[in-house]
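So this first bit is one chain, no partners, the form predicted alone, shown in structure tokens.
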Amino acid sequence: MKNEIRIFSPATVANVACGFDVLGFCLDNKGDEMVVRITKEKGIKITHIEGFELPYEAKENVAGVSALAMYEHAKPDGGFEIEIYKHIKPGSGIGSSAASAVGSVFAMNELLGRPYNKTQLTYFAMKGEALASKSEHADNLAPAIFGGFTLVKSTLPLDILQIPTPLDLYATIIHPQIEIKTSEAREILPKKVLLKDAITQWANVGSLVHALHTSDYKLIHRSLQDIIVEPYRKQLIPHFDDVKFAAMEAGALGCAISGSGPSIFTLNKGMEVTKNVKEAIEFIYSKTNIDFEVHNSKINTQGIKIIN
């Protein structure tokens, strides 16, 4: 059995327009790395952090909190040391805290001989995610662990459904270099919504899930509509409406806020359209004084993985 492991924990997009707190998908070329090793000394220790300033105290660190939750359940003979190489900016809206929460428990599970399944790992990771967002939700965690598209059917009990990914589906992500905290983005949401809006929203969720199963790109386009959350959160993201208009004009199937923002995602059919969407989005933000990053990604159907 190995005593040390290095893993890649991917970035993710949550909500996917209409699926607030239940839908998510996994990105392919952006993520954190972690090194986790078994120690004779009991407990969880974070020994190294690179990339961004994060707490070393396990109880104050997202990766540490999820690791502690699993550690207390597994009760191993020794302990674990965690090194974090953070490439996903906290508050970026592409699952930074989820990557941390998932990474530690996945690596520990591998080192222990895989006693827990993917749903159980998601449960432990939810404890860490709650430290960042002030609530236990799994729409970023699930795709990071399972890969591809996922739907969180329930959190009590935890029930996660994997959804097929159409082969020619790509994502474009723009990340304006500003920070929006998930907890703050939740506070601006309405406590009640009109019944007619709720009906429209859950019809979009149902049709999007069907479209992903059947690779119906036209239905994906018609389903990627968020009439409940986006109208409130988009005010936190500079030039959101301009980006969305430009992306749709360039051929995107849909464009919406990634997680709580400020990142914005599009889903596109084919690489040629994806390149056009990227250029259109870049043009909008190049006229502003806000630093930004734009990248294209195939949908990552593997999720978190071991690397050499």
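Sequential numbering from 1, following the sequence displayed. The shown structure was predicted, so the numbers you read here are calculated from the model rather than taken from an experiment.
What comes next is about the form predicted in complex with a small molecule, which is not displayed.
J.: Just to confirm the contact call: exactly one of 166-174, 153-161, 203-211, 138-146 touches the small molecule in the predicted bound form at a 4.5 Å heavy atom cutoff, so which is it?
T.: Residues of 138-146 come within 4.5 Å of the partner.
J.: Out of 233, 118, 86, 127, which one falls within 4.5 Å of the small molecule in the predicted bound form, going by heavy atoms?
T.: Flagged contact: 233.
J.: Taking the small molecule as it sits in the predicted bound form, is residue 31 near enough to touch it, meaning that at least one heavy atom pair lies within 4.5 angstroms?
T.: Result no; residue 31 lies far from the small molecule in the predicted bound form.
J.: State yes or no: in the predicted bound form, is some non-hydrogen atom of residue 300 no more than 4.5 angstroms from a non-hydrogen atom of the small molecule?
T.: The answer is no: residue 300 has no heavy atom within 4.5 Å of the small molecule.
J.: So in the predicted bound form, is the small molecule close enough to residue 222 to count as touching (4.5 Å, heavy atoms)?
T.: Heavy-atom contact with the small molecule at 4.5 Å: absent for residue 222.
J.: Going by a heavy atom distance of 4.5 Å, is residue 20 a contact of the small molecule in the predicted bound form?
T.: Yes.
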